[in-house]
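Next up: just one chain, as structure tokens, the form predicted on its own.
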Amino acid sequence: MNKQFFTENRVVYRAVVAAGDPWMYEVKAGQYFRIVDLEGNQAVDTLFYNAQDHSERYSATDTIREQGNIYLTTGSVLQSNLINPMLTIVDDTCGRHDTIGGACSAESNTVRYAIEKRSMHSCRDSFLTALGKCSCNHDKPMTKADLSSNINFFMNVPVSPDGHLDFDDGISAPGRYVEMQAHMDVLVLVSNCPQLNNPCNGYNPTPVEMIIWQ
């Protein structure tokens, strides 16, 4: 794919997503989708669906297998569960994004932190909130059964040689971004992670910006 130079007059949509909020929007085939980490050290949990057929969606296992790497960066092709390319990362000023850490939930907050953390807001709650409000449910309502393994953009999850997985301080910084070009019309579902209990957000969730341009 030949990346075009970004200019303001190419922008067709932009929005700031507040700390902890969900976001859902459609990116058309050929358009570019940029996520900007406005203040740095924020995690952005993201899922992608074929906008015409929600049963086709981003597949972490197929993406990892096809690229032979658990991390995503420039050149990574995000594969669907039907082994179709959904988007390609065409620019990345952060350098590495997580594919295996998953999304926080009431259950994971309880197991990882304390029973008192169960009621705290989580990415899984945000995903379900967005699905409940989405006007994209014209054919078949999307439910929790449509949630699968997500990408954690900007999140730092190193894996040791013995397979141990950590949630470490972020490697992003204010203004860094990741940008993808869509191969098909994709529905993007985001939780701007509200997590307060591990360093993925620096214990202080912050806003991010979504930009779609062509």
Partner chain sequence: MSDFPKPKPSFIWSEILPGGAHWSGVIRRGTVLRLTDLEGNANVAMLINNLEVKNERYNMPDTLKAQKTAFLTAPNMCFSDMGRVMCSIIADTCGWHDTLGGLSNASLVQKKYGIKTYQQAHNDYFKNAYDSLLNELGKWGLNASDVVPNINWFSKVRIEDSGQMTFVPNHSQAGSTVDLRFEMDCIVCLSTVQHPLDPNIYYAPKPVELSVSKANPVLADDPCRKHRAENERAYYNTKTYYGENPNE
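Residue numbers count along the first chain shown, from 1. Bear in mind the structure is a predicted one, so any value in this text is a computation, not a measurement.
In what follows, reference is made to the form predicted together with its partner chain, a form of this protein that is not presented.
**Student:** Just to be sure I understand the contacts: of Ile171, Val159, Leu38, Ala29, which is the one whose heavy atoms reach within 4.5 angstroms of its partner chain in the model of the complex?
**Tutor:** Checked against the cut-off, the match is Val159.
**Student:** So, Leu87, Leu131 and Lys133: all three within 4.5 Å of its partner chain in the model of the complex by heavy atoms, or not?
**Tutor:** No, the candidate spot makes no contact with its partner chain.
**Student:** Does Asp53 make contact with its partner chain in the model of the complex, using a 4.5 Å heavy atom cut-off?
**Tutor:** Contact check for Asp53: no, nothing within 4.5 Å of its partner chain in the model of the complex.
**Student:** Could you confirm whether His121 comes within 4.5 Å of its partner chain in the model of the complex, counting heavy atoms only?
**Tutor:** No, His121 sits far enough from its partner chain in the model of the complex that none of its heavy atoms falls within 4.5 Å.
**Student:** Wondering, does Ser76 line up within 4.5 Å of its partner chain in the model of the complex on heavy atoms?
**Tutor:** Result no; Ser76 lies far from its partner chain in the model of the complex.
**Student:** With the partner left out here, check for me: in the model of the complex, does some heavy atom of Arg65 sit within 4.5 Å of its partner chain?
**Tutor:** The answer is yes: Arg65 has a heavy atom within 4.5 Å of its partner chain.
**Student:** Which of the residues spanning 150 to 177 lie within 4.5 Å of its partner chain in the model of the complex, based on heavy atoms?
**Tutor:** Read in sequence order, the residues that approach its partner chain (within 4.5 Å, in the model of the complex) are Val159, Ser160, Pro161, Asp162, Gly163, His164, Leu165, Asp166, Phe167.
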